[in-house]
Each structure stands twice: as C-alpha cells, then as structure tokens.
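Only one chain is included here, represented as structure tokens and corresponding to the form predicted on its own.
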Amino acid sequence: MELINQLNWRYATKKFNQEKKVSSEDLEKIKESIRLTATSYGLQPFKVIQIESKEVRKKLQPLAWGQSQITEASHLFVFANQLQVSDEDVETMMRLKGEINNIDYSNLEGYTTFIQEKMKEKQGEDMIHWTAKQSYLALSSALIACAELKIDATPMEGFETDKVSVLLGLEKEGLGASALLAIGYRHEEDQSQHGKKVRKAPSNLFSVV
C-alpha cells in the first residue's frame, strides 16, 4: 500500500515554511475528506472553522502555549464539537438521508426516534466527550488526506480550550473547541523530520481472541 509509505513519511511538523502555501485545490480535497469521514449514526456533530485572519491566528497563539505552527502554517483549522445534540439535529440529518437516498421520511421515523433516545442518554460531559470523539474521527481523516497529498500537518491538543472557544465565539453556536490542525509544508530547518518514527511493535499493539 502506498498509503503506508505516506503515513511513514508524515510526522507532527514543528516548523513550517511560511513561503509555501497549500493550493486551493488541495485544500478542498482535505476539506472533502473531513466531510466524508465516518461518524456515529452519521450525525457529524461538529464544525470545522478555517482561520484565515492573521490577526485571529496571532491571538490564538498565546492560547496554544506559543506554538509557532499557529502562525507559521499555511492554514489553520479548529475542530469544534457540539455541546449538545438535539432532536432537531437528528431529524435534520435523517431527513437529509431520506432526500439523498430517495426514501420517504416516514420510513425513517422509527430509526430517528431510536437515535434521539440514544442522544438523551448522553448528558453534560458525557455528550461533550462523545461529540469530541466524533470530531477526532474527522481530524484523523484530514491527517490521512494530508499524508496522501504530501502536505505536512500538526494535530494539536495543547491549547486552552475554553479561551479559544470564547475568542472564536463558539459557545454562542453551541460548540466547543476540541482540536487544532495546522497544515502546510515543513521547513528545512525543522529537525523533527529527521527522527525515526516511534511506534509500538505489532506484537504489543494487536492481539487475537
């Protein structure tokens, strides 16, 4: 698989080349990989904010422990998970499912109710953790797409989530920042690119029952 070579090639880039920018064509491919990612019940309970403003990125940097990738990378995404999933959210997605697959919504109402009841079982922090997990599935898809396109990427949890959410006005939309993703092209001075990838041996990672 060529993908294995590409995943071996990628690493969490520490220093980006500010002169090289990701093309709009490749950017759309990455965003499409995010849109097509698998999520539980297909609900996609998150939003991805593309930070174009240099001023906003400068304000974000101190909230992310001063990490240079925030301002140096070609593009920066904020993955924001929903703080709650409402009955209306579920119904909207099920109606979309019916529309795209030419299924009368009446045939989906039972499944809709089932999902709505499952969502009600998740309250407070349980819901937030669950939707954050869904956003991480999308983050993973973006990382794999970047590797295939030979675009460097750095997933980031090291930031003050509450302050980032306030800065971007996410709570007004019922969202909370869950992860950041900086993408671009590695700088030749980034020493991290020369290190060997460290992963557990297959025998320590997989088991068969």
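Numbers follow the displayed sequence, beginning with 1. Just so you know, these numbers come straight off a predicted model, no measurement behind them.
Heads up, the form predicted together with a small molecule isn't pictured, but that's what we're talking about next.
Heavy atoms of no residue among Ser33, Lys97 and Trp130 are located within 4.5 Å of the small molecule in the model of the complex.
Using a 4.5 Å cutoff between non-hydrogen atoms, Glu157 counts as a contact of the small molecule in the model of the complex. The small molecule is not drawn, but in the model of the complex it has no heavy atom within 4.5 Å of Leu76. Proximity of Tyr185 to the small molecule in the model of the complex falls outside the 4.5 Å heavy atom cutoff.
In the model of the complex, at least one heavy atom of Arg199 sits within 4.5 Å of the small molecule. Exactly one of the stretches 132-140, 115-123, 101-109, 80-88 approaches the small molecule in the model of the complex with heavy atoms within 4.5 Å, and it is 132-140.
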